[in-house]
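Listed next as structure tokens is one chain, alone, in the form predicted on its own.
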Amino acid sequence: MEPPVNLDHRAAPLRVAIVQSKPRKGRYEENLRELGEVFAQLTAAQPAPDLVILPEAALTGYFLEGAVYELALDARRFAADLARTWHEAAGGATVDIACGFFENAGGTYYNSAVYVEVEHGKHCVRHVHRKMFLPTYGVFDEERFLSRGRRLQTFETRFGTMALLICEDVWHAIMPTIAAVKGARVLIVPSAAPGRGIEEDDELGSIARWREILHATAAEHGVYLLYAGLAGFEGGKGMTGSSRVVGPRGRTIVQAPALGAHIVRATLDMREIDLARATLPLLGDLGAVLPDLLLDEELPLPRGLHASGH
């Protein structure tokens, strides 16, 4: 099914709601019911959002270890649960939902995020992204339990071209760069980031680092960056929330506190993307130089693959 054609998507405003969730670890059905209450709250405060975004592992908690095999779901089942929950809370209201979850794809397990379009009680899975960079250091142990994604793709929505990146994906600058080169105008980032380090102003170092990365990424590529952070504590590790909307000039428009469940709302002027890119045409410059970079014979390409492509 082709996405609906919207020739005015670059001019139409986009109403976004980021749901910074604080799930009960491992209690999927209970967390899903609570999400229904949040959906009802979102639609009660008009105008309702066009796009709702939730964090990484938003309905199960992040540090599951072996329990991930019991709680991981097929992407179609998870999307259907989201759509049903929205429909029960909001009736026939149209919405797009992006949410992180643990995926069981025929016995292979991923840390994934899904983008679902919901309209008149029906839904369509527009895209599933599987996290490519699985941290396995410090408090992290993802690659022990999960497989990594193999491809970064953009996808079309009624609001324009977007991409999903999950948490550490964004810490590797090549990921948002490739997404932007492929045409993404909005980057959605579900995340579960434990707090680490203390800065001089008593701010957690991990929060400061995330802010720096998100601001620099948005400004370099002229994109809106929608960051949904998990909140709460799991096994003594505190998630740092701090959900935020960053504009295409690299400035935070609105953000949530580090602690607790919150809803962050913003109305995005999509024309700002073109204005930001015209003012600072770094993405256009990259498009011109990238072919030379990719053909660099000194790049450590996989064995058997040469820059010539033969």
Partner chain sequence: MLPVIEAGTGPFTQPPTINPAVTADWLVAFLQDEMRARRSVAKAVIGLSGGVDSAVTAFLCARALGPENVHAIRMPYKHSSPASLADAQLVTDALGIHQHTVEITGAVDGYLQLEPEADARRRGNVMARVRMVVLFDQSAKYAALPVGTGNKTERLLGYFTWHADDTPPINPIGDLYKSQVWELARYLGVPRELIEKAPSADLEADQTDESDLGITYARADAILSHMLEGYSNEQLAERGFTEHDVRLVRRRLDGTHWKRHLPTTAMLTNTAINEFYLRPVDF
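Numbering follows the first chain given and starts at 1. These figures come from a predicted structure and were not determined experimentally.
Omitted here: the form predicted in complex with its partner chain. The next part is about that form.
Peer 1: Tell me, which of V68, L32, L280, V38 has a heavy atom within 4.5 angstroms of its partner chain in the predicted complex?
Peer 2: It is V38 that has a heavy atom within 4.5 Å of the partner.
Peer 1: Have a look at 280-288, 23-31, 58-66, 255-263 and name the one stretch with heavy atoms inside 4.5 Å of its partner chain in the predicted complex.
Peer 2: Partner-contacting stretch among the options: 255-263.
Peer 1: Quick one: is R251 in contact with its partner chain in the predicted complex, heavy atoms, 4.5 Å cut-off?
Peer 2: Although its partner chain is absent here, R251 would stay clear of it in the predicted complex, with no heavy atoms inside 4.5 Å.
Peer 1: Using a 4.5 angstroms cut-off on non-hydrogen atoms, would A48 count as touching its partner chain in the predicted complex?
Peer 2: Contact check for A48: no, nothing within 4.5 Å of its partner chain in the predicted complex.
Peer 1: Going by heavy atoms, what in 105-125 lies within 4.5 angstroms of its partner chain in the predicted complex?
Peer 2: Nothing in the stretch sits within 4.5 Å of the partner.
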